[in-house]
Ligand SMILES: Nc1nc2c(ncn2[C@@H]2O[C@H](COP(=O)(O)OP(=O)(O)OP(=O)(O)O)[C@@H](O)[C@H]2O)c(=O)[nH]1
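This document starts with one chain, in the form predicted alone, laid out as structure tokens.
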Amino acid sequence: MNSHCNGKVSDSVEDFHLNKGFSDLIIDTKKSAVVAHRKHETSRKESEDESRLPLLEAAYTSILRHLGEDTDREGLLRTPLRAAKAIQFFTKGYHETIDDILNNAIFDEDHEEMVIVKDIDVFSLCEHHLVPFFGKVHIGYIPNKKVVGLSKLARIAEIFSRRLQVQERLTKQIAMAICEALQPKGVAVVIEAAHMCMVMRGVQKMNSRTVTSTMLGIYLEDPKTREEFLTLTMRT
């Protein structure tokens, strides 16, 4: 059996209460095919942000007026501009591609044991309601003669989280980016996040959390390797 990162994916999604954690995480070993080669991404340029700022500002002005607000009152005079700049910052992940940040940061190294970076803070916007979700990302991989600078794993998470997202896709994108860049023996990514669309609106469940996972390569094929990763990420 080929244990290398081979494009097979396992995803698991579960809403659970804060006092439970990963012990309730159910790994779904159903395999699904994914694209083996990452398509070239386009990077939104900062100059484009500058040119689009007036249009975004006008759009926020229109939203406020249609909410019944007086956009000429003191507290709202600069709100449309501030909101326009804020939404561009919240989606700044469109400025970068994986190739941009991994430049010269992949190294030949004879290391074949698990590498984990855990508790990476992430903030994103739900693409359904444009409200935040935020939490922690845990990333693990088993090298295949190549390693990456540890900060780059956090940067990869940042690139994809600073876009309009759903948590399931975010989890898979992080895992696939690492897999395709390093060709490791396996990649594991778990995200635990709170969604404001479930807290501020809708069912309004304050303590709910969503956990998603993507397992590639040996993490998908070997239960012991997967268990080791989940055990290590649970430790404080």
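Numbering starts at 1 and follows the sequence shown. Quick caveat, the model's predicted, so the values are computed rather than measured.
The same protein also has a form predicted together with this ligand, omitted here; what follows describes it.
Peer 1: Wondering, does V166 line up within 4.5 Å of this ligand in the predicted complex on heavy atoms?
Peer 2: Although this ligand is absent here, V166 would touch it in the predicted complex, with heavy atoms inside 4.5 Å.
Peer 1: Within 4.5 Å, heavy atoms only: does H129 come near this ligand in the predicted complex?
Peer 2: Looking in the predicted complex, residue contacts with this ligand include H129, since a heavy atom lies within 4.5 Å.
Peer 1: Does G202 make contact with this ligand in the predicted complex, using a 4.5 Å heavy atom cut-off?
Peer 2: Taking the distances in the predicted complex, the answer for G202 is yes, it comes within 4.5 Å of this ligand.
Peer 1: Would M198 count as touching this ligand in the predicted complex under a 4.5 Å heavy atom rule?
Peer 2: Yes.
Peer 1: Sort through 51-59, 173-181, 190-198, 65-73 and report the only stretch with a non-hydrogen atom within 4.5 Å of this ligand in the predicted complex.
Peer 2: Every other range fails; the passing one is 190-198.
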